[in-house]
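Below sits a lone chain in structure tokens, taken as the form predicted alone.
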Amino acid sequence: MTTESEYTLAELCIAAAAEAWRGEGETLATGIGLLPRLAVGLAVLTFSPDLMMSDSENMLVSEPIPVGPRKGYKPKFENWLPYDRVFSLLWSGNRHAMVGPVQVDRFGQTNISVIGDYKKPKAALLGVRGFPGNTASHPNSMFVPTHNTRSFVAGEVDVVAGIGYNPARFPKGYPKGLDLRMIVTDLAVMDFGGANHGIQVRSLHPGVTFEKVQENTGFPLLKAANMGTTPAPTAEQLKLIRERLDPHNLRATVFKDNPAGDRR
């Protein structure tokens, strides 16, 4: 196990991704995938205690459920969360999901459906699932574990599963609920704060240069005016991640060989 001064890339990304929900009140926070789920839990335990979360249960829980074997842990349920309530929150915009797309383009359009030609794809994936309605209705952030030109593609994504800020597809204006916020990758933290919702680098992970991020992106990136280095997880955050959220260290499987968070 690493010490408080030695954090992993997964722990760095969990702390960075948790910031997606900073300042949000009673919003349904949905982290799809291991790392986004841990990020939601960290946000709840530190700076956004009013977030609503289910942690993959059909109930709202008052505290994050540790991932992996529970060994007697009993979830602290607060209320029932049937599908009709989920969709009521979704359509009203009172949900913020962090998703894991396979492809992202310069407009923030996302793909989880197929790779290649839709009629004869190289790979068939999940289908569009809930991405169309989610991206049109409420805030969305993203976690992309491998930052390269296969993930951040030149041109449009092969299938537009999640909508983005492509003016050609919305000549009469974007849907009211379209609100793309943060992208966390193994190299950097980005957002849509550039001109015309352009994707900009907000922070570089320790030891990563802007040039490396750009080389691994299929479209031009912008630099945020205050672009800096992604902050290391605090001692409190590491303790919560290691002891309460992920005591079995499942996060070590997110990135190959579980690299260090500071690569300088």
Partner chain sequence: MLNKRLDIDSVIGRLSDGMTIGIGGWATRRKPMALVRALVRSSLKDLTVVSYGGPEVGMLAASGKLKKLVFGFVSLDHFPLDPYFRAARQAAALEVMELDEGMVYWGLRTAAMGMPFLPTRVGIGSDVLKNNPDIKLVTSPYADGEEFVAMPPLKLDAALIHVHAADQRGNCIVKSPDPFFDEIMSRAAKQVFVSAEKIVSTEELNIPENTRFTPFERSLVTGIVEAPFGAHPTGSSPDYGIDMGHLKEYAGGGTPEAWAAYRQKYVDLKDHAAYIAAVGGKEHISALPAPIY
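Positions refer to the first chain, counted from 1. Note that the structure is predicted; figures quoted are calculated from it, not measured.
There is another form of the same protein, the form predicted together with the partner chain; it is not shown, and what comes next is about it.
Asker: Choose from 53-61, 229-237, 40-48, 216-224 the stretch whose residues reach within 4.5 Å of the partner chain in the predicted bound form, heavy atoms counted.
Answerer: Going through the listed ranges, the match is 53-61.
Asker: Should residue 191 be classed as touching the partner chain in the predicted bound form when contacts are defined as heavy atoms within 4.5 Å?
Answerer: No, residue 191 sits far enough from the partner chain in the predicted bound form that none of its heavy atoms falls within 4.5 Å.
Asker: In the predicted bound form, does residue 107 have a heavy atom within 4.5 Å of the partner chain?
Answerer: No, no contact at 4.5 Å.
Asker: Spell out, yes or no, whether the shortest heavy atom distance between residue 161 and the partner chain in the predicted bound form is within 4.5 Å.
Answerer: Heavy-atom contact with the partner chain at 4.5 Å: present for residue 161.
Asker: Do residue 74 and the partner chain come within 4.5 Å of each other in the predicted bound form, heavy atoms counted?
Answerer: Residue-level check for residue 74: no, no contact with the partner chain.
Asker: Out of 101, 139, 145, 130, which one falls within 4.5 Å of the partner chain in the predicted bound form, going by heavy atoms?
Answerer: Contact with the partner chain in the predicted bound form is made by 130 alone.
Asker: Is the partner chain in the predicted bound form near all of 113, 124 and 169, within 4.5 Å of a heavy atom of each?
Answerer: All of them do, each having a heavy atom within 4.5 Å of the partner.
Asker: Note that the partner chain is not shown here; using its position in the predicted bound form, name the residues of 172-193 with a heavy atom within 4.5 Å of it, in sequence order.
Answerer: The stretch touches the partner through 172, 175, 176.
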